[in-house]
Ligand SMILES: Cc1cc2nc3c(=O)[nH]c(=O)nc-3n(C[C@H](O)[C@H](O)[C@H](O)COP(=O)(O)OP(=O)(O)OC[C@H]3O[C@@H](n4cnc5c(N)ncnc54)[C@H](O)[C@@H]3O)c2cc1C
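Quick setup: one chain, the form predicted on its own, written in structure tokens, and binding and motion questions come after.
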């Protein structure tokens, strides 16, 4: 009679902190914590692929505030792999005569923001983690969570399990960990799709970003290194589908025309992609031994380009809260962290959502008021400078 093979017993491995999700926020938080007193596991089944100098431009382009770039530089995550462009001016056009310009020189700043690709920044952050003795990179999907007082247990699809004093959900707007915890969220569907594509430009952008509030949505040009831009067009689903179905030459012509030929003729260098725009806010951001950061906790309308910056400020403050050591999952410090972040997020959700709704109204009075308000803020220097300085944190 054949003897059955012995059963394999997999023992749980313990970490002080387990971060689920290795995108920008999760990788940045792991990088900020890597030299601290806690042991870290970063669980991400799809790590960034190696990138070369000729790798196609990523269509996921974000604007990073100088405050966040300074923080990323301090943790070593803003280095050679990042193709970045400084933004020196932002020129916003209302849907009539309204104009608003933010200028770094007028505000006494070296730049207003930096524009960079998602994949290159993620790769740079992962390079700070590879081979680090205090960080384990685990490339396996999670399958379940056992919620225990003191130490939660994360089960992986390959049969392993990890225990942690603190589980952190950095796994995006559709957060699996948030769902496993039974945490609900409020959601507002903006009924818009963000259509993105990259282009070369006939004229130099000189480090200027542009935004147009139009009857068909909000169009933005974000400058990239060289004569290149990233386009983001927040628009209703039917128009978004039409744009995405256009041949590259026709899409470039439409985007050139919508931007009033500001940068001359455009030429497509990446295909158009789209993503639905929604405001989300989780009902809870922290529990004993659990924290949500970035899109797992909140999302905003992209018209101010602040979604990724809010997430990085989550990572910055949570890393600061955990830097002193001790039990990482202790609810007192997690509650203090969440309280500090909620005002910033609520303010940005109110502002971006309010602007979207304001420009969606097509009656004459609303149009006159919003365009007058833009021009008024543009002419009153203290107001303009205050708005500029808030955006660069």
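Positions refer to the first chain, counted from 1. Since the model is a prediction, treat every value here as computed from it, not as a measurement.
Omitted here: the form predicted together with the named molecule. The next part is about that form.
The candidate spot formed by 25, 44 and 172 is fully in contact with the named molecule in the predicted complex: every one of the three has a heavy atom within 4.5 Å.
232 is the sole member of 72, 232, 209, 240 with a non-hydrogen atom lying within 4.5 angstroms of the named molecule in the predicted complex.
Just one of 317, 268, 142, 100 comes within 4.5 Å of the named molecule in the predicted complex, counting any heavy atom, and that one is 142. Picking from 33-41, 334-342, 56-64, 320-328 the stretch near the named molecule in the predicted complex, with a 4.5 Å limit on heavy atoms, gives 56-64. The closest heavy atom approach of residue 309 to the named molecule in the predicted complex falls within 4.5 Å. When the named molecule is considered in the predicted complex, residue 295 lines it closely, a heavy atom lying within 4.5 Å. Interface residue remark: residue 176 is counted as part of the site for the named molecule in the predicted complex, having a heavy atom within 4.5 Å. For residue 18, no non-hydrogen atom is located within 4.5 Å of the named molecule in the predicted complex, even though that partner is not displayed. Of all the residues from 254-278, those having a non-hydrogen atom no more than 4.5 Å from the named molecule in the predicted complex are 275, 277.
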